[in-house]
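Here's a solo chain for you in structure tokens, the form predicted alone.
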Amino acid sequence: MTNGRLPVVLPIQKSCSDPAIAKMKPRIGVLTSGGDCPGLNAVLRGVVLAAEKLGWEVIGFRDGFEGLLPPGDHVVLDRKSIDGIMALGGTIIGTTNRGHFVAKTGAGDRTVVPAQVIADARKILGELQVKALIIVGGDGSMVTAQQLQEAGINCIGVPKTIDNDLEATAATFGFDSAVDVVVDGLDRLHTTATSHRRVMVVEVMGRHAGWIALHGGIAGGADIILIPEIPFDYDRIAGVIKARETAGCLGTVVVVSEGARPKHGEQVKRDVEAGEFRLGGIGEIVAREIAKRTSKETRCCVLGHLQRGGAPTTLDRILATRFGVKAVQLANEGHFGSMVSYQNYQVRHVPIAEAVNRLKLVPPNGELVQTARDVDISFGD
């Protein structure tokens, strides 16, 4: 390997003594891994159409990395199979965040994918004559991609996370769509909060970073936003709600990231059989503590996987398409071991090894938090 990538020159060349295989088009593979989000199908569409321009064939592996295991669960992706999928949520080839390839169990925690599992994947890729593998996933998937690259499998990473928490890229597709769901929910909950003089607590996704809560809360007119980066105090929250009531505000809307925690407290975790722990339940706890301290009727609404489903926004469709096309370009140029990255309004690339385990968190004293404070949004601190 040289400079983190294999010394392979593309365009991919056909070289096989078997006449049947020699007639095959050059092949690349693609898979979607981890949690689903709007825009995955737009990436697949971009990959297939860009590859077709080069005369390549695209093999889609079903259910993430698991599709790489014998006997190899795959499908040929062509112009017909990706027709009309741009507006669809989810992924037409399936995904999973469990299984034999799980290489991450938490923030900064890395496990090693067994050598035999990687060997089995390499065997399937060899049998299918797949010369490069495009991996669409989040930080955990990129950790796995790096291990496959180190094992000699040509990999290109495409970052995917609704949390928008990868430092190596300024934006990820799926984030804008998730925020749009939050804003729509807040627009609806403001009216019921005012009608009943209630406090409405809305729990949104965001394990380690509060970008969804922050963007959604600002755009949706939230009164209080609770994020992992700024530990909160229940008495402060109660004080804000009481002050609003004194000022004549009939309802209060609180947005809380699933990973938010009180000062001197911990994140609310749920049991999980394998992989990263699950978060959830902080919304109900916040609602209960607010009711106890203010005597106001308080309700909790958990948006959960609503944020992952549905059609992608215009922004996410465009960004995902650009990512898919760029991934094919990187394969054609031989930039293996690279991840697509969006920086300064341009789609570029960075080494996967430098991208993993570098989370982009909300700066507590940053401009966006200060903007929220200047429009009288409290962070409970």
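As the structure is a computational prediction, the values presented were derived from the model and not from experiment. Residue positions are given as counts along the sequence shown, with the first one as 1.
Unshown form predicted together with 6-O-phosphono-beta-D-fructofuranose; subsequent notes refer to it.
**Asked** Ok, Arg261, Arg207, His190, Arg244: which has a heavy atom sitting within 4.5 Å of 6-O-phosphono-beta-D-fructofuranose in the model of the complex?
**Response** Filtering the options by heavy-atom distance leaves Arg207.
Discussion item. Quick check on this chain: which one of Gln129, Ser81, Gln267, Asn97 has a heavy atom within 4.5 Å of 6-O-phosphono-beta-D-fructofuranose in the model of the complex?
Written reply: It is Asn97 that has a heavy atom within 4.5 Å of the partner.
Requested in this report: Go through 190-198, 244-252, 119-127, 158-166 and give me the stretch that gets within 4.5 Å of 6-O-phosphono-beta-D-fructofuranose in the model of the complex, heavy atoms only.
Outcome: That would be 158-166.
Applying a 4.5 Å heavy atom distance criterion, does Arg308 contact 6-O-phosphono-beta-D-fructofuranose in the model of the complex?
Arg308: yes, in contact with 6-O-phosphono-beta-D-fructofuranose in the model of the complex.
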